[in-house]
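Have a look below at one chain only, the form predicted alone, in C-alpha cells format.
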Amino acid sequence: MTTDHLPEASAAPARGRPRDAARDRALMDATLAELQAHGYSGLTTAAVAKRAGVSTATLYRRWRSKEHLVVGAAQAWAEDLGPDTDHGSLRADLRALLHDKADALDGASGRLLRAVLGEAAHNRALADVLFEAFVLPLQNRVSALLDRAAGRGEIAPVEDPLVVGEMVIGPMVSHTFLIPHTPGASPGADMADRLLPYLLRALGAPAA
C-alpha cells in the first residue's frame, strides 16, 4: 500500500497560536472512546468535541472531517511494540515480540484497531494509515529478528519474512478479536505462548 494520496490528518494553519497538546490529546482520547462506544459509522465530530470538552470549531481547526479525525486517532494510537531488543536467541526474540503484540492488542491501539477494521475495508485512506501504524512496525521487527537468527546460524536465511509477519498478525488478531473470551482474560498473552512453538518449527528451529 502507499500513502501518496493520503491527505494531511490536520488542517491547522501554520500561523497563529501554537496548538495545545493537552487539547489534542483530549480529542484523541475522546475519539477512541466514541469509536469504542459507537463504531466508525456512529461516531460524530459533535460527540467527540463534547466528550473532549471543546467546541466543534476547535476540532475542525485541527481535523477538517470525520475521516481526518479518525486517521489522526489511528496515527496517535499507533501500535507500540517496544524496542527491537536482541535477546540472544530466536526463541527469546520471538517470545518477546509475541508478548509485545499481545500487550498492544490489549491496550489502546488494539481497541482502536477493533473499532475501525470494518471501515478500513472500504476506506483506502484509513486502510493505508493502519498499514503504516500497525503492520509495518511488526513486519520490520520480524525481519530484524530473523536476520539475527540467520546470522547466529539458528535458521537458514528466510526468503520471505513478510509471510512470517503475517503468521504472527493473523493468529494474534483473530484470537483476540474474533473468539469470545471471559471478561478480564488476556487472550493475546495466551495465544503468544501457544503460537511460539509452531512459529519456531515453521522456521526450522528447535521448539524447545
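Numbers for residues come from their place in the sequence shown, where the first is 1. All values reported here derive from a predicted model rather than from experimental measurement.
FYI, the form predicted together with another copy of the chain isn't displayed, but the following is about it.
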Non-hydrogen atoms within 4.5 angstroms of another copy of the chain in the model of the complex: do D160, V164 and Y198 all have one? yes
Within 4.5 angstroms, counting heavy atoms, which one of the listed stretches 147 to 155, 49 to 57, 176 to 184, 24 to 32 is next to another copy of the chain in the model of the complex? 176 to 184
Heavy atom within 4.5 Å of another copy of the chain in the model of the complex: which of L81, A108, A76, V135? V135
With a cut-off of 4.5 Å between heavy atoms, is G118 one of the residues that contacts another copy of the chain in the model of the complex? yes
Even though the partner isn't displayed, in the model of the complex is D103 close enough to another copy of the chain, meaning a heavy atom within 4.5 Å? no
In the model of the complex, does R114 have a heavy atom within 4.5 Å of another copy of the chain? yes
Could you tell me if P206 has a non-hydrogen atom within 4.5 Å of another copy of the chain in the model of the complex? no
